[in-house]
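Presented as structure tokens, the chain that follows is alone, the form predicted on its own.
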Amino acid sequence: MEKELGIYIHIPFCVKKCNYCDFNSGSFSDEIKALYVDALCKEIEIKSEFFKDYIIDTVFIGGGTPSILPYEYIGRILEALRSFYSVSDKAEISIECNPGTVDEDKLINYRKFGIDRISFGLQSTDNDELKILGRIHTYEEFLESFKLARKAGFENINVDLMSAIPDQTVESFKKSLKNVCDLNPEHISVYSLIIEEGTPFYDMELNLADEDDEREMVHIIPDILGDEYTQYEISNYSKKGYVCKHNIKYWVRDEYLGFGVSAASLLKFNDFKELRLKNTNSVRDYINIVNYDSELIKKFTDFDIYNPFYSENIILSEEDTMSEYMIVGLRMNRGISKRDFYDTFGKDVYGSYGDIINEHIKEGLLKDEQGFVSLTEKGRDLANYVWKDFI
């Protein structure tokens, strides 16, 4: 029986780093971009011998900004994937795009390549807020990109928004959300800004929303989106039938394989429980190793050597696995299935975490209903406080 596998492909290129971004991305020459795509296709081929028994049911091309590449490069990458792996005809294939970096020709070719889901990183419909974030596009450019995507035949579009942007008010956030809702996308993701060390924002004096305003921004989302959208994860809302199948793999800890610089993987082989992998964080090292030492790439199950291709290469203990299971599972609105926990670990979830669960139920942060342990609305406000107890 074939096992299902999600594929993540990392494109680390962007026009410029945004002020809040701590992802592995940046501006590179056209020569480096071409060499990187060559290496990416080669990594896809090299690893394929280990995944003959899998069927690929989701593909996510993320970044960075994948859409700044010539569309021919995206076609080459997907062609390599289909050449060496069993990609389902019904696979969900997503690509992240920055508004203003796509045109009609590019979008039409994405559809020809089989990409059926597009995710636009809008963040705000207020141009002043976009400037504060360091975004390279305007709201008007997003509207044009969205319109062209519809014209090209995309019937599954996600729009990313951000709350708690510096100088943002509850009213301006509400306006952004309403503007996006009026466009009727199939999926909306709303993330609260987190100031990360190493980003330009970290060293800047910022006028940030207070805790009450930040919480109010989160609470008005369901009211504005209405019954047409359902929250299925702490930051994600979709119309019926349009959840992001790839991202759900992360939250339920299904297997996924990452290609490209800093791409992560979670793999479950017969000879050990679970393997967490992360590729090198250096674009130049990535290109050099793929081209000149492909044997290193194949040694992802060899833990006795120093392997410069992997910045992380560990077998997860049962304790690590259970901890991850609880933390990422509680991101989902449905929460943790008590039956699935038992089937996965051979033990009752209360036997492992009963004291923690009962304490948070008393605090009104967790609930136990219909076989699932999940966050309450109050618990979603204090999710970090709950999650830390499962580490």
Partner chain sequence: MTDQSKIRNFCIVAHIDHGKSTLADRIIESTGLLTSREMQAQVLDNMDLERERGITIKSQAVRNVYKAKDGEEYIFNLIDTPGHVDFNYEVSRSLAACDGAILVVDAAQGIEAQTLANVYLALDHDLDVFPVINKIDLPSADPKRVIDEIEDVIGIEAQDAPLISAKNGIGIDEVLEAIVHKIPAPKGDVNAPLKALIFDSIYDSYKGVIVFCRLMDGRISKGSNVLMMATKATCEVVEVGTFGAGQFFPCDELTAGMVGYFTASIKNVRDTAVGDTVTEAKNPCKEPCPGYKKVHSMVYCGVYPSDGAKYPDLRDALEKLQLNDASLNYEPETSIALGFGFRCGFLGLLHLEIIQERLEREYNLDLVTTAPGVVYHVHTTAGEMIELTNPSNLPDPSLIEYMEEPIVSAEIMVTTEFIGSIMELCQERRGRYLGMEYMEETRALLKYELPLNEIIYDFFDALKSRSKGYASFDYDLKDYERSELVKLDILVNHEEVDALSFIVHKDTAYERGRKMCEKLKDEIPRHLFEIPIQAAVGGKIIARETVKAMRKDVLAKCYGGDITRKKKLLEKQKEGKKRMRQIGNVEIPQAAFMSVLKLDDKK
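A quick note: this is a predicted structure, and the numbers were derived from the prediction, not measured. Residue numbers count along the first chain shown, from 1.
Keep in mind that the form predicted in complex with its partner chain is not shown, yet the notes after this line are about it.
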| item | value |
| --- | --- |
| Contacting member of 144, 104, 312, 318, with respect to its partner chain in the predicted bound form [4.5 Å, heavy atom] | 312 |
| Contact residue in the predicted bound form, chosen from 76, 245, 276, 273 - any heavy atom within 4.5 Å of its partner chain | 276 |
| Residue contact check: residue 367 to its partner chain in the predicted bound form, 4.5 Å heavy atom | no |
| 4.5 angstroms heavy atom contact with its partner chain in the predicted bound form for residue 361 | no |
| Contact of residue 47 with its partner chain in the predicted bound form (heavy atom, 4.5 Å) | no |
| Residue contact check: residue 194 to its partner chain in the predicted bound form, 4.5 Å heavy atom | yes |
| Heavy atom of each of 37, 69 and 261 within 4.5 Å of its partner chain in the predicted bound form | no |
| Which of 282-290, 78-86, 198-206, 212-220 lines the interface with its partner chain in the predicted bound form (heavy atom within 4.5 Å) | 212-220 |
| Residues from 233-256 in contact with its partner chain (non-hydrogen atom within 4.5 Å) in the predicted bound form | 234, 235, 236, 247, 250, 251, 256 |
